[in-house]
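First comes one chain, alone, set out as structure tokens in the form predicted on its own.
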Amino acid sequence: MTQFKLATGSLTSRQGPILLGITEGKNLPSWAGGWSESVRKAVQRLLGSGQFKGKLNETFLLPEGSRWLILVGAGKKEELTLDRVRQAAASASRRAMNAGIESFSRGLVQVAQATAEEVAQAVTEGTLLGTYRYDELKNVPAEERRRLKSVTMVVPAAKDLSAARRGVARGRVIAEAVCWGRDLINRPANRLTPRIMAAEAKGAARRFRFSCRVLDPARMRRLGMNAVLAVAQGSVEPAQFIILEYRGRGSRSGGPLLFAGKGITFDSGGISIKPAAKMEQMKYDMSGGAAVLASIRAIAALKLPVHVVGLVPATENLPSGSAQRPGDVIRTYSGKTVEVENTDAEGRLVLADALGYAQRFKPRAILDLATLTGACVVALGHHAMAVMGNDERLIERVQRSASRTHERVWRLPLWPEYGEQIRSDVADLKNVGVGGGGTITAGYFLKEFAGKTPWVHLDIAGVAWAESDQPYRPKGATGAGVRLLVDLASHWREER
């Protein structure tokens, strides 16, 4: 991945391509005073022509002697935020990479109420996330693969150098974890089966020094994880129940923070089969599980002083002669029975067993993530996760992390009336509701298995996959939720 270097001084003294941010408007930016008259005139002509207006994420390559100036729009000056810095860094870095520019220098911008460390982290995240490409299966010679090899971040004030270095280090760890999660999600289902996903988790645990255990179907059967096994029974691929645990130095006594993620490595819908259109994308139905794996990798790499457990029930959901049928009744790990009205509502089934098993750890809080419902996309589109929960304080903490990371959430209610929509005539619950509100009834179903533990559910169905390139979310898997979970863990002790 791209290497980052830090330097002090002025950008005007740097050799090679230079990245310059321009806020919206026709006036020359403040940095222009340090450049030659020819550069100032060229930028002024560009702004006056209307070819480049400084709008957020606009980019332009301007020749300056024997090198390039990479111009990127930062939007209105008064609206500059850390996320806009992240976006602009992504857009400019991608433009440079696509133009064959392998390295450039850039400054460390100032953002109101943000530290040099936070800005450096945002720049690093944007650069790495924006230039991500999934191409491990393409037969392209290494020399033909365009890569951004290095970025030199020029820090104007030497006193900010240490802070910027910390920000770069933190941003790199988090972005690399997100990109690893994206790799897992983007892989075709034949190259990321439940067993391969478990092997990837074990490899990360060895590398970043946290523990990983995997329960096979025989062990799950003895424990009574019948919901996971029911979803898996239509596939020849055996289910895997992945258990991760990281205990940071200085973590307080008491129960852990627990993350659970849906790990359906391919979802055909089972007997209630999905339409053929875009079914190939159903490899991303394990995005919640990938977010859990990637976030714990980052938390361990950052050596955060927290105790975190991750649970990922991983399986395929396929139709066959052995597949579960609509109308089947399952006794879950917790003992509650569920009538399966629709086999395509399988994510809540595997998470029901995960949430039940979570109680063994006596967690202080549980967060689950899942590409759970198409109804979430109808409600919120592709801009926010739906958040529901049984604990006001935990929901507020998730909302603060969402605000800090710009992984936006929107709260939906869990009123008792929604619970009535999932009552079954033949079992305790049924796995789909009646009367609309599908995202909420799915959340209420999970609430039945969270018990009295503070719990929050994040439906990431609308944000886990991008149909087109966005500034730091290239087309395909986005790695949604990872940065939010890492931020929550980072502030866990101080906000308790």
Ligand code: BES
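All values derive from a computational prediction rather than experimental measurement. Residue positions are given as counts along the sequence shown, with the first one as 1.
Note that the form predicted in complex with this ligand isn't included here; everything after this is about it.
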Whether Glu407 contacts this ligand in the predicted complex should be assessed with a 4.5 Å heavy atom distance threshold; does it? no
With the cut-off set at 4.5 Å between non-hydrogen atoms, does Thr371 touch this ligand in the predicted complex? yes
Though only this chain appears here, would Ala345 touch this ligand in the predicted complex if you measure heavy atom gaps against 4.5 Å? yes
Would you classify Ala204 as touching this ligand in the predicted complex, given a 4.5 Å non-hydrogen atom cut-off? no
Can you confirm whether Arg187, Arg195 and Val214, the three residues that make up this candidate site, all sit within 4.5 Å of this ligand in the predicted complex, judged by heavy atoms? no
This ligand isn't shown here, but in the predicted complex, which of 372-380, 162-170, 85-93, 113-121 has heavy atoms within 4.5 Å of it? 372-380
In the predicted complex, the residue from Tyr418, Tyr284, Tyr246, Tyr357 that sits within 4.5 Å of this ligand by heavy atoms: Tyr284
Of the options Leu69, Leu46, Val432, Ala427, which one has a non-hydrogen atom that comes within 4.5 Å of this ligand in the predicted complex? Val432
Scan 252-271 and write down, in order along the chain, each residue with a heavy atom lying within 4.5 Å of this ligand in the predicted complex. Lys262, Asp267
